[in-house]
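Presented below, as structure tokens, is a lone chain in the form predicted on its own.
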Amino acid sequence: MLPANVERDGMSNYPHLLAPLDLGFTKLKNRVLMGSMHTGLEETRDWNRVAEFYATRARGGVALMVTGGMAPNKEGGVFPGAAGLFTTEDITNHKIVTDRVHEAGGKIAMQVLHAGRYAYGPECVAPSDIKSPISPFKPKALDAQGIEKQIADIVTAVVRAREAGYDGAEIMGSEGYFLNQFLVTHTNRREDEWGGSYENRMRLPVEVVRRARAAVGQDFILIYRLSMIDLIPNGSTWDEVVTLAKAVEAAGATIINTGIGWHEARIPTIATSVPRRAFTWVTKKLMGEVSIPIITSNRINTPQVGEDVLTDGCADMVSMARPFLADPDFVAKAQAGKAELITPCIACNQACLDHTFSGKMSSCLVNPAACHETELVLTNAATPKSVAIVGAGPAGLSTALAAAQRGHKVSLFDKADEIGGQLNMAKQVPGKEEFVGLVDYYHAALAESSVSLFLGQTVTADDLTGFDDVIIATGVMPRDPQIAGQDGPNVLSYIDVLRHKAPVGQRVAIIGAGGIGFDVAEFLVTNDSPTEDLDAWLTEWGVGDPQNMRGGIRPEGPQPEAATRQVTLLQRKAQKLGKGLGKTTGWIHRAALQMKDVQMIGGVNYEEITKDGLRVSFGETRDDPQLIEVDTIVLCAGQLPERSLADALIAKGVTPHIIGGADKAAELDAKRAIDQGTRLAAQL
């Protein structure tokens, strides 16, 4: 708990966010929805594990949760084998989840998601046989009988959700999934009663809601997830959005939830470079058009942001999904006036969406216990130990906090004068401002913990005697690329640029196109970060008002500010640059740099650095030698583990635990470092 002098009343801080919402037949205890996330948990069929994931968040105080998308039938599953309520056994298993949530004082709705042409399998179906750009499978165009089957299956799934004890169901009608595909001419080329005019194109989602309401009665929450800005060519007009919202309300929806962008849209919507609450202005446009509550979503990640959204009249309720992976106690901490102790979602996508789209179990970079609640448990230590941790980067910080939570006596050392390690470079990169909040959280968490912190101290092996366990989290050091002339005055390391802000010329060559190379390029071509300026960000990505521009797409397209430097990004590998970046965010980084005219060149040999620039050649035969004339060369050629202290301890007969970059220098991988540190602390 916080000291008494900083205890605050959360209700007085967040009167709108924490106010109840009366739905008539039931009441929600606050205005916070945990939005739908596909985690992969249901597919494990470990129902105790599934139940504990949701119950943990219910105990944390969220008013209503929505599950990951459940398939209404095999052809509608996001991938083969996707979970759904197909049998009486499924209903029985899901009741384990709903019972646990209700015992924890929470409410939960099941999302029914028909993927349509996004279904990753050969049986996929859609209004028309138009293949999605993000799937290799061409869908089968449904006939009238096939459409009736899909409606019946979706309604049956909603009925089964009620039988399984869910408090409601969310019908997924956005993000470019099946129902959304019927709404726009981009994907619906039909000429029958399900296509052509907008009245016909919206017939399917309205009919689904109408039949679902008739099937479950009036005392069951029906949420309709409505795409309010498609961000694709030939998307919905604003008049069509309003028309659909009114029709969905009349058909029996309890709540309308906001969907932003199709999955195939080339505009980021939830990545860390997207400004906070970037699309709440879209939801606000619908306020007053319908009488049922409206939920807004996307990049709302602190109680204050949520409070501001509601105070500004943008919605009746806010949806936050990934923040509940980062901290299941988000609402409880806000209620207790402890917002600074909320582990922040930094919208990195690394352990959640990247895992989902790679077929892995989801988790969270900052909270590796997410989706592992029954396995990664920090119990009180039977025998508290004296533990020394060297390195206050993400690996050392996560280990220290988790070990102290278990009751160990922890001493945390770092030679720097500040905590954070590599996070302090990441937070300098435009579009990664959320890392500032992560470092601030670690400050608050350390102050609240029993960890003894020693900064500005270079620790030797002799200083670490007398501890029961020694943990080395000393991070990484830059790899030496061994290029002739690299000691010249026109050569800098990425540390010089990001940490020390060394002067950089107008023409720059960056050696190395991994995550660090991309970050340095973004840093060097950007003046004021558009992530901190919503209008600038909308202009940069070509997002317009859907009331004036169909689908919210500006006809002139993206209009970024001019690059502040001329940058060339190079790598030795003869492959597309950025191939190793995040599965769901790599395209954003590549597009952002391409919009700034960054030149990307692969398959190079670094021959020599001269006062005039960088000499390179190509291929094994070192063909086509040429000089890239630049003022500054920045080395981002990878990292090596900083193991000198670990090696000194081993030489003295001490066997330390080695974690994070000191263990494996794979880019700046905070996800692995935090997971490794937390798991080590759980085992001490």
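Residues carry their position along the shown sequence, with the first being 1. Bear in mind the structure is a predicted one, so any value in this text is a computation, not a measurement.
One more form of this protein should be noted, the form predicted in complex with a small molecule, which is absent from this view; the next part is about it.
- Item | Contact test in the predicted bound form: residue 416 vs the small molecule, heavy atoms, 4.5 Å | Because a heavy atom of residue 416 falls inside 4.5 Å of the small molecule in the predicted bound form, the answer is yes.
- Query: Taking heavy atoms only, is residue 394 within 4.5 angstroms of the small molecule in the predicted bound form?
  - Reply: Result yes; residue 394 sits at the interface with the small molecule in the predicted bound form.
- Query: Can you check whether residue 458 is within 4.5 Å of the small molecule in the predicted bound form, heavy atom basis?
  - Reply: Residue 458 belongs to the contact set for the small molecule.
- Query: Should residue 474 be classed as touching the small molecule in the predicted bound form when contacts are defined as heavy atoms within 4.5 Å?
  - Reply: Yes, residue 474 sits close enough to the small molecule in the predicted bound form that at least one of its heavy atoms falls within 4.5 Å.
- Would you point out which of 540 to 548, 407 to 415, 121 to 129, 99 to 107 contains residues with a non-hydrogen atom within 4.5 Å of the small molecule in the predicted bound form? Among the listed stretches, the partner-contacting one is 407 to 415.
- Whether 65, 213 and 221 all lie within 4.5 angstroms of the small molecule in the predicted bound form by heavy atom: Looking in the predicted bound form, the three residues 65, 213 and 221 all stay beyond 4.5 Å of the small molecule (heavy atoms).
- Message: Considering non-hydrogen atoms and a 4.5 Å limit, which listed residue (553, 387, 247, 425) is close to the small molecule in the predicted bound form?
- Response: Filtering the options by heavy-atom distance leaves 425.
- Query: Looking at 441, 177, 494, 238, which is the one with a non-hydrogen atom within 4.5 Å of the small molecule in the predicted bound form?
  - Reply: Checked against the cut-off, the match is 494.
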